[in-house]
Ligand code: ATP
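Have a look below at one chain only, the form predicted on its own, in structure tokens format.
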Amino acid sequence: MTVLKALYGGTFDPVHYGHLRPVEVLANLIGLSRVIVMPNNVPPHRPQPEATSAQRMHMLALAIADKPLFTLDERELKRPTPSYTSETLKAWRSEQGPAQPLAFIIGQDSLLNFPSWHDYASILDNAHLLVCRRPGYPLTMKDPAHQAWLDDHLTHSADDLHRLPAGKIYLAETPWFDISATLIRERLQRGEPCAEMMPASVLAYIEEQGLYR
């Protein structure tokens, strides 16, 4: 069986346990041995990051230094234009070849907004979607046509993810951590503790750099 490769994108401003721990559970659930973490440079769907690309990259490197599951990919940080997932996955597919099973990890909130993504229909041509479940979000899409699209691609079998190169959506029962980068930035601005929300090495770097004050 070919080893499934997964890409995990985001702003990571800053990285925290809510980013890392659900993906570690996901990896155990479906047999992932490597997750490629890819911070984006110019996110098209959200406000621009407060920390620089170099600072976010450094925080990620600190956060995963003792976690062999994760490795870093800088491709989007080197791109000055908006980071469109569809374009990144097309490039990744061309590098990996047509038969390699590839996946992209998102949260359930992102799945519900997925049809608004740039060229969203092409994404499943190049990768599976691995969705980390989040309490409080519905399990159905607003538009019946989008729900039909989800139903057509949904799988409950991890074997499908390893056997097929792309095209499936897998809803993973991962734990939810009530942590967000926005909450952390707000707490830091108020001088409130955040030690339980992120690796100590990341918090030390934030303090050293005077970030989010």
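The numbering used is simple: start at 1 and walk along the sequence shown. Please read these numbers as outputs of a predicted model, since none were measured by experiment.
A second form of this protein, the form predicted in complex with this ligand, is not displayed here; the remarks below concern that form.
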query	finding
Contact residue in the predicted complex, from Glu74, Glu95, Asp109, Asp119 (heavy atom within 4.5 Å of this ligand)	Asp109
Proximity of Gly10 to this ligand in the predicted complex, heavy atoms at 4.5 Å	yes
This ligand contact at His162 in the predicted complex, heavy atom, 4.5 Å	no
Any non-hydrogen atom of Arg133 within 4.5 angstroms of this ligand in the predicted complex	yes
Any non-hydrogen atom of Pro22 within 4.5 angstroms of this ligand in the predicted complex	yes
Options 80-88, 139-147, 121-129, 101-109; stretch whose heavy atom lies within 4.5 Å of this ligand in the predicted complex	101-109
Members of 159-195 lying within 4.5 angstroms of this ligand, judged by heavy atom, in the predicted complex	Phe177, Ile179, Ser180, Ala181, Thr182, Arg185
